[in-house]
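Here we start with a single chain on its own, the form predicted on its own, put down as structure tokens.
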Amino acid sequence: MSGKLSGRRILVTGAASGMGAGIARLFAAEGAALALLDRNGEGVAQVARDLGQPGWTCDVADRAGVGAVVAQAGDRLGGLDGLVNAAGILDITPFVDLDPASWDRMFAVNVTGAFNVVKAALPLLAEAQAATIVNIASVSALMPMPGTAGYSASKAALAMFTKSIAMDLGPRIRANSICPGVIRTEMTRYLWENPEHSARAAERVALKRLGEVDHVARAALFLSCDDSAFTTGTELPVDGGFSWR
């Protein structure tokens, strides 16, 4: 590896599995010191052990819990100069059947969760010479699909939140979001394990295949290192050529 994150101290949420875990692994390989968070305590503990990094059980929707954990992470790492908010939940249900509690939970995790983490970490990020925030949104923020009213709305809100804080927190703190398409994770297992559904999803994109966790991790690396030093307030689709249509 090239050591692009050598000396950096980065907090990653949703780190127990999927994109969060993939990002954590790549960032550790690139030299970052990490603080790993997930509500799945067993899962985040395993990833933390694998990487030799500290991990905490934390639900990002719990504002007080987030504040306490971020303070502990800052103490453990001697500060923070980067965040990746990868924690997220998905409920694909036609709007007429969507439970209001599911709507509330998606916003609590997908939007307010990111707010809670950024707000708690802001005093630490402000002390850094240069800091980065990467929020994992979704292609659904750009092109909603049937059955994703709550998810698409929450991810669109996350993307706009990211643009807004990029304006407020510059020039020393950069904020960008990534909009993944269909990526092979546990969250999308229902789709890619079904050959018919998988083929249909692949046919919708220019590259005619589904994405892998590493594709998103490398986009997060780009937005967290000096390669993107003049990039802030943007959404980067990692979707194989779906959202351009």
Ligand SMILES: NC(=O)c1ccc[n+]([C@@H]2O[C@H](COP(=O)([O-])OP(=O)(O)OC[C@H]3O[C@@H](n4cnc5c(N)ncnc54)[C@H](O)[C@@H]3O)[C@@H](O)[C@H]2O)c1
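As the structure is a prediction and not an experimental result, all values here were calculated from the model. A residue's number is simply how far along the shown sequence it sits, counting from 1.
This next part talks about the form predicted in complex with the named molecule, which is not shown.
A.B. asks: Find the only residue in A156, L77, V109, L124 having a heavy atom within 4.5 Å of the named molecule in the predicted complex.
C.D. replies: Exactly one residue meets the criterion: V109.
A.B. asks: Only one of R172, K163, R105, K119 gets a heavy atom within 4.5 Å of the named molecule in the predicted complex. Which one?
C.D. replies: Exactly one residue meets the criterion: R105.
A.B. asks: Indicate whether I89 is a 4.5 Å heavy atom neighbour of the named molecule in the predicted complex.
C.D. replies: Flag for I89 set to yes.
A.B. asks: Would P237 show up as a contact with the named molecule in the predicted complex if we use heavy atoms at 4.5 Å?
C.D. replies: Although the named molecule is absent here, P237 would stay clear of it in the predicted complex, with no heavy atoms inside 4.5 Å.
A.B. asks: With a 4.5 Å heavy atom cut-off, would you call S138 a contact of the named molecule in the predicted complex?
C.D. replies: So S138 counts as contacting the named molecule.
A.B. asks: Find out whether any non-hydrogen atom of L34 is located within 4.5 angstroms of the named molecule in the predicted complex, and reply yes or no.
C.D. replies: It does not: once the named molecule is placed as it appears in the predicted complex, L34 has no heavy atom within 4.5 Å of it.
A.B. asks: Looking at heavy atoms inside 4.5 Å, which stretch does the named molecule contact in the predicted complex, given the options 69-77, 92-100, 147-155, 125-133?
C.D. replies: Of the stretches listed, the one contacting the partner is 147-155.
A.B. asks: Across 170-184, which residues bring a heavy atom to within 4.5 Å of the named molecule in the predicted complex?
C.D. replies: If the 4.5 Å heavy-atom criterion is applied to the named molecule in the predicted complex, 170-184 yields P180, G181, V182, I183.
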